[in-house]
Structure formats: C-alpha cells, structure tokens
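Given next, in structure tokens, is a single chain: the form predicted alone.
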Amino acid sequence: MSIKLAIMGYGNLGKGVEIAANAAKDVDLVAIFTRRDPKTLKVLSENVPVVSVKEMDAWKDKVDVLVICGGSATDLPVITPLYAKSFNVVDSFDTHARIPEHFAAVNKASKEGGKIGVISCGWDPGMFSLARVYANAILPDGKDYTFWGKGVSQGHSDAIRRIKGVKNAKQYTIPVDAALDAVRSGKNPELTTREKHTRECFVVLEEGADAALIEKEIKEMPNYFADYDTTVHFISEEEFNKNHTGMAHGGFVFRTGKTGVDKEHNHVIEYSLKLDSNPEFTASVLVAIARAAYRMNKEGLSGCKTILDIPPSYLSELSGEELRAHLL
C-alpha cells in the first residue's frame, strides 16, 4: 500500500507534514498546493511539484488524501468543507467550541462527494481527546482535567496575527502550578477556566498601529482569550526574532476517579506530552490520521470522522500481526 498524499498550505504545519510524510514508509508525497505564487515557494522535497490551488481540480484522481494546513480562526472553516467534496481530507481544526458546526459542514460535503473528512486531529483536540475518552470509560465516577503548556499555541498565535495592525505574534499558554499540583495529588478541586491557565502574548506591531485597541481586541476575543487572565507585551521585531521563534509545547490530561463498594479507592490517570516542536508533532499525527482516512475510504465509508471514530490499528504502518506481536 502506498498512499498518495498532498499538502495544502506550506507554513510551519505544512512543512511538518512534508517531513512526516517523507519519513513514512507507506506514504508518497505527490504535491504541495499553495495560494501563493508556486515559483516563490522553496520546499524541502526535490521532486515534489508545487502547484497553485487554482489547479487542484486536475489532481482529484491523483491524490488519496489531502492534508489541509491552515488556521482554525478563518481558514479551516471555509477550506475544509470546500475541498471535502473532491478529496479525502484531514485537518487540525482546534477551536473546541466550534467543532460541532465544523463537523456538520465537513460531513455534508464529504457525504456528497463520497469521501472521508477527518477533522480536529493533533494533540488537543486529538491525542488528548483519546486520553479523555479512554479514561472516562475506565473511571466513570470521576473528574477530567486538561492542562496545556507551558508552550506556544499555534492557533492562538495565528488568531492574534490576523488582527489588523499586528505584524507578528506569539502566544504562550501557562498552567497554574497550584491547580496542577492539586489535581495530581488527587484532591479533585473544582477549577474554573481562569484558575487553570494564564495566557501571555508577545506582539510586534505594524507602524502606526494602536496598541491599546489591539490589546483590548486580544483580551476580549471569544473562544481564545476572553475567559483567561491574559498579559500582552508589545516588543520590537528584533526582540521577537531573538527570543520567540521556538515552537515548544505540551500538556497534561488527568482523570481522577473512585472504585470500590464504598468508593474507598482513589485513582489518578495521567497522560502527558512534552514537545520540542508543536507543528512537527501535530503534523505527525495528521499523517497517521491520513493513513486511517485512506483505509476507511477504501472500505467504502464516507462523511466526517474524528480521531474518536478511528480504530487504533488504522493509524499504524504495522500490520495486525506485527501490532499483536509487539505492541499489544
């Protein structure tokens, strides 16, 4: 089996998908689609064509899975449903509050085209989602806790960069240590969104931009910053390039629960990630999901799916026999 994979969008995430696809034994990267002038794009793969999105119709029968690499704020809600009619698609849409409506739009388009669309794949939503579902199933009498960071949120950084007057921006999500310690110790605290995390933003402004207005827009942005204590720093481009070019991230998922006739036994499930490169790790998840999307569509399935709908074995390069022998 060789999966013909294409990438749409060539930012940090698109480059990560290119690296992950080239490392996979069962994946052939066949094209990189861009909204920019293809001649201006320098990619890592020597023999992979860079193609304008205007020519994507000609590639419908040449691509098994299209991995769409764009921002969740404005790109993916439009682009994923648009191409889901013609391609099996995978995206990393990560605005949790809007996943139901995004699912509905992609489901409608994918079913019309007889394709598979897998949305919201990465580490949260994605790998963390799996951890939450498994832990809930095992400990039904309990509580869930999710912490992100300390690290760079690509989606939140992208949302800031789209504000008029912002030249560049990086946002760090920071867990509140006291809340993290209370959960890990099994105290089962009741925590508000604001009590679990803070957000710190470093912003480079365009010349003449209104800093006070931009800070207000950041702090009041729904689904991103409005529910958090947010600090905004305005810095020079020189300082940004010196101190804020990294893409590290990570986080924790906990499920605390009780078992026993009298609920006398306490349990804590903890799943954690520590990532040097948020986009490269997310991209690696996307390529594994693309493998599953290909397999599901080959079985005749269509419509929108999430990582929760995918059998674990469909994500792996290994055969069933190899999985049972080495990983079960």
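Note that the coordinates shown come from a computational prediction; the quantities given were computed from them, not determined experimentally. The first residue of the sequence shown is number 1, and the count goes up from there.
Only in words, not in the display: the form predicted in complex with a further copy of the same chain, which the text now covers.
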**Report entry** Contact test in the model of the complex: I138 vs a further copy of the same chain, heavy atoms, 4.5 Å
**Finding:** yes
Query raised in the report: With the partner left out of view, is S185 within 4.5 angstroms of a further copy of the same chain in the model of the complex by any non-hydrogen atom?
Result: yes
**Report entry** Contact of V133 with a further copy of the same chain in the model of the complex (heavy atom, 4.5 Å)
**Finding:** yes
Query raised in the report: Hey, in the model of the complex, is L301 touching a further copy of the same chain, heavy atoms inside 4.5 Å?
Result: no
Query raised in the report: Which listed residue (M127, L191, A109, V232) meets the criterion of a heavy atom within 4.5 Å of a further copy of the same chain in the model of the complex?
Result: M127
Query raised in the report: Which one of these stretches, 236 to 244, 152 to 160, 83 to 91, 139 to 147, sits within 4.5 Å of a further copy of the same chain in the model of the complex when only heavy atoms are counted?
Result: 139 to 147
**Report entry** T173, G208 and A226 each touching a further copy of the same chain in the model of the complex (heavy atom, 4.5 Å)
**Finding:** no
Query raised in the report: in the model of the complex, which residues of 16 to 44 put a heavy atom within 4.5 Å of a further copy of the same chain?
Result: I19, A23, L44
